[in-house]
Ligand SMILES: CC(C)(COP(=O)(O)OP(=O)(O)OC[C@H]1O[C@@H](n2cnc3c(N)ncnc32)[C@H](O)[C@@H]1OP(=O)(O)O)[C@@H](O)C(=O)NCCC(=O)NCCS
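One chain follows as structure tokens, the form predicted on its own.
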Amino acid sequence: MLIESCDLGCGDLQACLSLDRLSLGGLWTAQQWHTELEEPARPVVGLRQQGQLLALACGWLVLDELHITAVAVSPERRRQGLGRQVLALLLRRGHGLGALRATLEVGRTNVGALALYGCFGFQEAGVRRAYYRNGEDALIQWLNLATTTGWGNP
């Protein structure tokens, strides 16, 4: 079955909330997702199969930087390359909107996410102590989109 990439909007609010709960433990409220989905400077992209949202990635465009705020893959579809696909889609979208660099925070112990971001060439640039609700530190990572070529087709 074909997996389709798409831009997500306000009509996708319930699908985003559902995937957020399943994959990220309820990162954002409905109002926060609504804001993400309606703001043009906050690209949200997804992967669908037969109408079901399998993965999403979103970020904030701040001047020439794309701040990646979430990457989520449905738990039953993990380890199938969907995280790579949706992140590549977001990086391309951000670059198309003028982003020259991308940044994100990732939990120090999130081995899967660290491996994913490493495949794209993200580099650690610092630490945010006790950044997450559970007290875990976040590693700050950056990617130069202007000089990186491999992020489009990892």
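For clarity, every value in this text was computed on a predicted model and none was experimentally measured. So that there is no doubt, residue numbering starts at 1 and follows the sequence shown.
Below, we turn to the form predicted together with this ligand, even though it does not appear here.
Of the stretches 103-111, 121-129, 58-66, 28-36, only 103-111 has residues with a heavy atom within 4.5 Å of this ligand in the predicted bound form. Contact check for residue 10: every heavy atom lies farther than 4.5 Å from this ligand in the predicted bound form.
For residue 24, a non-hydrogen atom is located within 4.5 Å of this ligand in the predicted bound form, even though that partner is not displayed. Under a 4.5 angstroms non-hydrogen atom cutoff, this ligand in the predicted bound form has residue 116 among its neighbouring residues. Residues 81, 82, 83, 84 of 81-99 are found to place at least one heavy atom within 4.5 Å of this ligand in the predicted bound form.
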